[in-house]
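As structure tokens, one chain now follows by itself in the form predicted alone.
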């Protein structure tokens, strides 16, 4: 974990309300793994006081990039920053996705601002681990086509991309999880007949819950990156607790078989079967 004053190399708008910022921080970039995140202090003032968490969109030998949505005071400040300015960055933080070398199909399912860490994962599969793009299948969901994030970037990698929008303005009309289940697609027929597949997902909690249920139904290993509030990023504030399956209980015990895990330290990536979705 490093805390660095990082130079803004680029900060540009890529979709309505969404921006990509590139930061020069070699120490963090070289250590970053897909699914991990950074905490960025949006200003040098006391308002806003707390840093904001952002997953990696990319990480190379010198730079990292994040994709963020402008939703409040902190991200509005970020969107107004220019190339050449500096920000305090802490990271990399948390546990990321595991890299499975035994699968023949890798299904990446993302919705909204949950898409960026999956792009980082796909790049790592192809550029670092030398996986074939033909083995990687990406399912992207958004409210409408203007809010589809990273679609062109994924296609440049050569992977298969399947798109769903709530309003039907592009791709399948409906939820991205419906695409995942659609057996008429060639990837669906292939995956649900084999156990040599892995699912990786990041996005809204209802989407993750549905993906987890599908993975368990078809006995496919699945990892999900949860979206929970993170004020500190290293387990001090306990504000990002998530409910997970707990210790094995004695027969007849009425105690709940669950515990709370700290999302920023034990996650944000968890095995889907570990999470309690009530």
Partner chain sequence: MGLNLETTIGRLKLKNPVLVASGTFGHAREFEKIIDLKRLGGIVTKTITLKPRLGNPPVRIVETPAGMLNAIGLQNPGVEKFIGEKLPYLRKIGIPIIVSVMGHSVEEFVKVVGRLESEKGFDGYELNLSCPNVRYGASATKTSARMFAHDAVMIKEVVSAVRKMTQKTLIAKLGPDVSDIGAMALAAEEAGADAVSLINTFVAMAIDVEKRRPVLGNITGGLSGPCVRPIAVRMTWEVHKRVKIPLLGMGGIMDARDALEFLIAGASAIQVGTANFMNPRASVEILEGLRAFMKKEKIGRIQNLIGSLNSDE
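Positions refer to the first chain, counted from 1. Because the structure is a prediction, the values reported are computed rather than measured.
Here the subject shifts to the form predicted together with its partner chain, a form of this protein not shown in this document.
*Asks:* Considering its partner chain in the predicted complex, which of 28, 230, 42, 211 comes within 4.5 Å of it through any heavy atom?
*Replies:* Going through each option in turn, the one that passes is 230.
*Asks:* Hey, in the predicted complex, does residue 15 get a heavy atom within 4.5 angstroms of its partner chain?
*Replies:* Result no; residue 15 lies far from its partner chain in the predicted complex.
*Asks:* Is there any non-hydrogen atom of residue 234 lying within 4.5 Å of its partner chain in the predicted complex?
*Replies:* Residue 234 belongs to the contact set for its partner chain.
*Asks:* Can you check whether residue 258 is within 4.5 Å of its partner chain in the predicted complex, heavy atom basis?
*Replies:* Flag for residue 258 set to yes.
*Asks:* Please tell me whether any heavy atom belonging to residue 90 falls inside 4.5 Å of a heavy atom of its partner chain, as the geometry stands in the predicted complex.
*Replies:* So residue 90 counts as contacting its partner chain.
*Asks:* Tell me which stretch of 55 to 63, 29 to 37, 215 to 223, 236 to 244 has a heavy atom within 4.5 angstroms of its partner chain in the predicted complex.
*Replies:* Only one stretch passes the 4.5 Å heavy-atom test: 236 to 244.
*Asks:* Looking at its partner chain in the predicted complex, which residues in 1 to 36 have at least one heavy atom within 4.5 Å of it?
*Replies:* Going through 1 to 36 in order - heavy atoms within 4.5 Å of its partner chain in the predicted complex - the hits are 1, 2, 3.
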